[in-house]
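As a starting point, one isolated chain is supplied in structure tokens, in the form predicted on its own.
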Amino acid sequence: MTGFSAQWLALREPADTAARHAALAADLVLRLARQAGGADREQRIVDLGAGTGSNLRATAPLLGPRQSWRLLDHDPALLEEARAALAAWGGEQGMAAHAAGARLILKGPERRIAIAFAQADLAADPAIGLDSIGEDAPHLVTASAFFDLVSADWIARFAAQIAQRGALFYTVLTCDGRDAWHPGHAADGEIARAFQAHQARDKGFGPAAGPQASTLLAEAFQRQGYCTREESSPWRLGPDQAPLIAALAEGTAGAAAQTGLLAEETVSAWLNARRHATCDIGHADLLAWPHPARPLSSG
């Protein structure tokens, strides 16, 4: 699987947090409390492709007072970054951090978060790590900016594994291809087509779903008897986010160039125009839950 640097993840985290769909997150909070058997019961959560822990930092403050997270990533260096970053974040949130074996415990007056970290080859097995919180299945499986990297086949197998456990599923910031740069440029269409061709390349999970990922996820969970709700969560990047825009433009141009579909001067001209532009980058958030007729997993 293609890796991401801690620097890139840190650069995008504020935009990610701002873009999340608030009403969908509120829906998750209510459903997770019910899934766990009550708002005060421990909530068991698995985070896929966790990187440096940004999904936990954005989601945990919304959830119940007792949380147990398991962060899975293929890159052990990112998991070490996550451990340090989450300990520092806990302090900022008024929670003391201490180690309990391999786990990190964040504890404050109103919240206790236990965090386990595991290197995992998710491409080899969509179910890896799902049943590793004690002997109990998770109440929630979540991810951020992950599923556009995986294949349609992987998504189908993954949804079947989640449904087998009766867990909730919540993912945010899946690329949906609805990008717009301002002002317009003559090469925007060509760049977009080349970038999407690059997105579809195998990232270690088979041909990547790219902008179709959220739709494929919803369909896969619906086939498993789940209900789904999808909401838009675009980045709205203005002049105050120039470093992120520049990095995004360079990454987009680089990916487009790698396809060989465009002349070098076309890519170069587009990149020069885009380093100081503004843009909207399309994403989707998705929540899936077992149909009410299905039994909830036990707390």
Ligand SMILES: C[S@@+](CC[C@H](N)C(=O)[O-])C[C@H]1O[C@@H](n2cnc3c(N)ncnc32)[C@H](O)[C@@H]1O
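A quick note: this is a predicted structure, and the numbers were derived from the prediction, not measured. Throughout, we count residues from 1 along the sequence that is shown.
Below, we refer to the form predicted in complex with this ligand, which is not included among the displayed structures.
With a 4.5 Å cutoff on heavy atoms, Ala50 counts as touching this ligand in the predicted bound form. When this ligand is considered in the predicted bound form, Thr174 lies well away from it, no heavy atom lying within 4.5 Å. In the predicted bound form, at least one heavy atom of Asp121 sits within 4.5 Å of a heavy atom of this ligand. By the criterion of a heavy atom within 4.5 Å, Phe205 is counted among the residues contacting this ligand in the predicted bound form.
Relative to this ligand in the predicted bound form, residues Phe4, Ser54 and Ala145 are all within 4.5 Å by at least one heavy atom. Leu78 is the sole member of Leu78, Met95, Ala218, Ala187 with a non-hydrogen atom within 4.5 Å of this ligand in the predicted bound form. Exactly one listed residue, out of Arg157, Arg103, His74, His198, brings a non-hydrogen atom to within 4.5 Å of this ligand in the predicted bound form: His74. Residues with any non-hydrogen atom within 4.5 angstroms of this ligand in the predicted bound form fall in just one of 42-50, 24-32, 60-68, 256-264: 42-50.
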